[in-house]
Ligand SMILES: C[S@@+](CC[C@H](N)C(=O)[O-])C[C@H]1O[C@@H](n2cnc3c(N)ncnc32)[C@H](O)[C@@H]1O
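Only one chain is shown below, in structure tokens, and it's the form predicted alone.
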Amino acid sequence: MKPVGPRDAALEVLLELIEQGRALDEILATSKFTARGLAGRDLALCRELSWGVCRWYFELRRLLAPRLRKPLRARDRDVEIILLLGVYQLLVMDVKPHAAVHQSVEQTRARGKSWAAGLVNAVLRGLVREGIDRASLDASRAYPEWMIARVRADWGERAAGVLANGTDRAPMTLRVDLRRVARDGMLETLAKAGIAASAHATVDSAICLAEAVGVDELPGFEQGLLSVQDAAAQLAAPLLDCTAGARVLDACAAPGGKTAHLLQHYPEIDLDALDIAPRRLERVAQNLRRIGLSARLITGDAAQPATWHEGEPYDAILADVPCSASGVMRRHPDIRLLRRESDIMPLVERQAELVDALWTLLKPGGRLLYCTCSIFLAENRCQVERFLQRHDDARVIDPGKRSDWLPQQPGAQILTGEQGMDGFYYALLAKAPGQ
């Protein structure tokens, strides 16, 4: 198969994302790209271009619109994406103007669309003459309109900060297995390996890297001393507050980051890891093999416990339910293009179905931790309020005050970018003791 350059690969990735609705990571993992020799610096450039255009897609299109005499046709979407890639290189990557323009024009011709070469040249050179730079990008408009409206409705005066933070690049954050190594000791080990890192300000197990590196460069990763996990996600295991010998369920376990953390944080628990997809459950197994710990892996739908549950109730349940992922758009900017407003209500209904079913598996006196990586109130505070109305045997446990989250009554919300973290929501629910 003919090798592909990083800019052409980025064009193909973005075309597939927009036209087929597939996620960036999924596209780049396909044989279409892995078989074409994209690696090293070329792969890094492809990712920078693809992820960057997604991050600023709606704002870049806004800048382009008045500079086109008429909208490009659907069959010329490749020309539009070439323009977006060119504008991104000019405004964000600081590529030399003549290089960005020339590469974009040549890319247009290589697509067999010489008729558009003059258009691409004129639009990009016009932007250069106007002196438009990164300061011209408005983070508050780098989202679909429905998403902007929802964030503003939910967060009022905080919305501008949430939207701005959502366009930042997420840091690479690591979780330290504190059973086996102290965080300060791991920081020293990283420093000796030439990796600049610092302790997270509010999460005891978290280390933040100054720059992202490949996991194969991390000392102790293969031995399970380190794992890649956002600091907000690292709060789940400690919040569940399990006791030795407790029977615990991780109800939506894949890819296994929280499963692994539960076992590292509570080495004496009896853990079941459930996921609806066998292929995703294999990722849980891989994570557990790397850290040298084990759990019972169960394939099944958490909303249909009769199809997999054998009858013994759980002392604690982690319900990290499917959600809009609106809190992790820094890491997955393609969510802006893939998520639709019409997705939210089905997700809310699915979350309610899951948490209601899981509640029946919890022992009297047990605890269920409901969490999402969302910043939308409908999936978080409002979801838990409705749950409490349906279940008079449930109460919310106050998780205590933290400098990095907002008490939501019920639950607590971390907003995107707070202490460098992803957006997350937690509500710890206790079941009334049996009579």
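Since the model is a prediction, treat every value here as computed from it, not as a measurement. We number the residues from 1 along the sequence you see.
Absent from the display: the form predicted together with this ligand. The rest refers to it.
Stretch 277-285 is the contacting one of 108-116, 277-285, 203-211, 139-147, since its residues have non-hydrogen atoms within 4.5 Å of this ligand in the model of the complex. Using a 4.5 angstroms limit between non-hydrogen atoms, Asp320 touches this ligand in the model of the complex. Although the partner is absent here, Gly166 sits far enough away that none of its heavy atoms falls within 4.5 Å of this ligand in the model of the complex. Contact annotation for Gly327: none of its heavy atoms lies within 4.5 Å of this ligand in the model of the complex. Residue contact with this ligand in the model of the complex: Leu218 places no heavy atom within 4.5 Å of it.
Taken together, the three residues Ala253, Gly256 and Leu354 all come within 4.5 Å of this ligand in the model of the complex, as judged by their closest heavy atom. Note on the partner interface in the model of the complex: the residue among Asp301, Asp270, Asp76, Asp241 having a heavy atom within 4.5 angstroms of this ligand is Asp301. Put simply, of Arg180, Arg152, Arg350, Arg331 only one has a heavy atom within 4.5 Å of this ligand in the model of the complex, and it is Arg350.
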